[in-house]
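As structure tokens, one chain now follows by itself in the form predicted on its own.
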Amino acid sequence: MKYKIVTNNPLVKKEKENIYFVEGSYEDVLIKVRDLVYKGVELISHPLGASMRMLYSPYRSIIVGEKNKVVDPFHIEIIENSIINYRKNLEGRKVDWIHADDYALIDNELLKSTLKDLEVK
């Protein structure tokens, strides 16, 4: 399976190939993924983290697939709702930059796990 990783995580940038590196925030990563989905790129991993706590991470890595001839409306719904939910959850709380190194490590490990699962399929 061909894929790319959309990320703003500096650890992922150092360790992985096939990336779109986003100089910006978690929200900027979501917006980049949204732009790709509107061009027909498929979502492979979910845009939001595995837990509420991960929403306060400054880093996010999302796996996208190949560009299709047809835009998938389900993927549009997922990414649009993810952006809305992210913004809604950050209204009452700020990004946790104090633990940024820990979040970078967790995001990288979650990415490795997801990639390993993709190889098995």
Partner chain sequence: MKLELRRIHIKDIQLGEETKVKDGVLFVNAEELISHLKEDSRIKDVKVDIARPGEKVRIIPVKDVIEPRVKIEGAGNGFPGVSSKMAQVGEGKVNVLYGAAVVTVGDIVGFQEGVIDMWGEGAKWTPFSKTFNLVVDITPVEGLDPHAHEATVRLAGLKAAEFVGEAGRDVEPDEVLTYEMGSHAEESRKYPDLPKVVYVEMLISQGLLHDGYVYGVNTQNILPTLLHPNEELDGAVISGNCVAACDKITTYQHQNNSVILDLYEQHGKTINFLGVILTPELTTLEGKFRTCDYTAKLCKMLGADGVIVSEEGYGNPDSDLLMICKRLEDAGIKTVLITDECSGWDGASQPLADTAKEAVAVVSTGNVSHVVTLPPADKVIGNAEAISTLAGGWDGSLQEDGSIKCELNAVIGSTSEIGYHNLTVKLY
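Since we're looking at a predicted model, the values are computed, not measured. Residue numbers count along the first chain shown, from 1.
Only in words, not in the display: the form predicted in complex with its partner chain, which the text now covers.
Chemist: Heavy atom to heavy atom, is residue 99 within 4.5 Å of its partner chain in the predicted bound form?
Modeler: The answer is yes: residue 99 has a heavy atom within 4.5 Å of its partner chain.
Chemist: Answer for residue 39 alone: is it within 4.5 Å of its partner chain in the predicted bound form, judged on heavy atom distances?
Modeler: Contact with its partner chain, no.
Chemist: Does any part of residue 48 reach within 4.5 Å of its partner chain in the predicted bound form? Heavy atoms only, please.
Modeler: Residue 48: yes, in contact with its partner chain in the predicted bound form.
Chemist: Please run the contact check for residue 68 against its partner chain in the predicted bound form: heavy atoms, 4.5 angstroms, yes or no?
Modeler: So residue 68 does not count as contacting its partner chain.
Chemist: Whether 2, 14 and 18 jointly form a contact site for its partner chain in the predicted bound form is the question; each needs a heavy atom within 4.5 Å.
Modeler: No: none of 2, 14 and 18 comes within 4.5 Å of its partner chain in the predicted bound form.
Chemist: With its partner chain taken in the predicted bound form, which residues across 78-113 come within 4.5 angstroms through any non-hydrogen atom?
Modeler: If the 4.5 Å heavy-atom criterion is applied to its partner chain in the predicted bound form, 78-113 yields 78, 81, 85, 88, 89, 92, 93, 94, 96, 99, 102, 103, 105, 106, 109, 110, 113.
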